[in-house]
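Starting off, we have a lone chain in the form predicted alone, written out as structure tokens.
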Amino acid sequence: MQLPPYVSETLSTLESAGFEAYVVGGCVRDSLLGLEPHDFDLCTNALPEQIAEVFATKTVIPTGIQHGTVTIIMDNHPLEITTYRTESGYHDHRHPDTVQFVSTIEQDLSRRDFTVNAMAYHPIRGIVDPFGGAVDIEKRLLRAVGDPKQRFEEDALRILRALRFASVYGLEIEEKTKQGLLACAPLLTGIAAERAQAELKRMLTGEHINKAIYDLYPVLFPILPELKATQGVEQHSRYHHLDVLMHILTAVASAEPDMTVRLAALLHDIGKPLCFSLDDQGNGHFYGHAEIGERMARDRLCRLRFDNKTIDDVCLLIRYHDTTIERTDKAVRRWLNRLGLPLLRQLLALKRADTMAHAVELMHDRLKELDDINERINRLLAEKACFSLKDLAVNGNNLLNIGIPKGKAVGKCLRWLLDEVMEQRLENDTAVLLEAARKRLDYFAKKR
């Protein structure tokens, strides 16, 4: 394991002062997984005040001194150093009531969540691995340290971390650990929304999302109760061979690893249980489910403290996920104007994932339609097609110069010109557009 010079120097400084020290946790795990570590945490038998004394010439920040953690700045890099400790009494299923400093690294590692995180490394002494984390990494296995149920009762956020590790690293969750996750999942209702949101976002960007959701979807119910209502809701349609929940999960697993797209896929059909109906022929319908789902998604994402842009983008994708996009240049220009290029690309990605969760006989034609729309977008971009005000060959100053009154009239004239260009009734040429505006000068002057 290659340590950056500032980390090696920190270890050496502690040991020169008579203490023991290791790098620990995620950096060791990532190295054994063949990934480049970006964060290095250290643990030591030195007490917090002793750490501060050893690094008296450095910036020392008492990050979590009550739990034995201080942060030092080494060569402009923040490094967390924590005293060996054990923990007990988790009344809120998140934070320990009592922290006790201990003398050995093995005692410290015994309090950690998963075996792959319960390893330490020293450049001379090598890896300390009392729970078989290295072997579990070779087996691509995620296993709790000790009794899984106890580990998750101590800190319920570990439940979501397990799903994140499965999704990001492609680890299979060991059976006893899986049973512990499912048994303790209700504890997630007590976790801070911001922490649950952060783990959910990271899980949704993993390349192995299928390992996190197909068997373990009940874990998501406490933080996304709208999903539970979709379980077992049959769709009674030749277009759907799965119930609503399995359709949703398949769409998520089929989506590209874009957090916004996968979050939209996870919520895109949560409105269906509220608007199900059967016609006289026994066919199922879900009229208005996109609009209902959009409102439900906005409420849930607000409760989970997602940022406004993510909420707005996800809700727009849900609103339009079932809307037909005509395969014409004119229609594609309109959609580019309505959503902008990045969001339209994400909408098409959501539609593709949604299609992949439909009955097989429908997939080929629908995927071909989506490919055609993407090709049209690429061609229009290559042709520098005009679909927004910034693409227009005139601006507000040009219109003021020909006599369009200052204020709302300028904006209305620009939007009219953009509409005429997108409909291909006017060429996107400065002279052509100014001439068209001159001819409607009186009209826009009256519109003030």
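Every value quoted in this text rests on a predicted model; they were computed, and no experiment measured them. All residue numbers refer to positions in the sequence shown, first residue = 1.
This next part talks about the form predicted together with adenosine-5'-triphosphate, which is not shown.
TODO: Go through 269, 113, 354, 136 and name the one with a heavy atom inside 4.5 Å of adenosine-5'-triphosphate in the predicted bound form.
DONE: Checked against the cut-off, the match is 113.
TODO: Could you check which residue among 306, 84, 152, 165 gets a heavy atom within 4.5 Å of adenosine-5'-triphosphate in the predicted bound form?
DONE: By the 4.5 Å criterion, the partner-contacting residue is 165.
- [ ] Answer yes if any heavy atom of residue 26 is within 4.5 Å of a heavy atom of adenosine-5'-triphosphate in the predicted bound form; otherwise answer no.
- [x] Residue 26 belongs to the contact set for adenosine-5'-triphosphate.
Open item on the list: Even though the partner isn't displayed, in the predicted bound form is residue 117 close enough to adenosine-5'-triphosphate, meaning a heavy atom within 4.5 Å?
Closed with: Taking the distances in the predicted bound form, the answer for residue 117 is yes, it comes within 4.5 Å of adenosine-5'-triphosphate.
Task: Contact label in the predicted bound form: residue 202 to adenosine-5'-triphosphate, heavy atom within 4.5 Å - done: It does: once adenosine-5'-triphosphate is placed as it appears in the predicted bound form, residue 202 has a heavy atom within 4.5 Å of it.
Open item on the list: Please tell me whether any heavy atom belonging to residue 161 falls inside 4.5 Å of a heavy atom of adenosine-5'-triphosphate, as the geometry stands in the predicted bound form.
Closed with: Output for residue 161 is yes: heavy atoms within 4.5 Å of adenosine-5'-triphosphate.
Task: Segment assignment from 152-160, 338-346, 221-229, 121-129: heavy atom within 4.5 Å of adenosine-5'-triphosphate in the predicted bound form - done: Looking at the other structure, the answer is 152-160.
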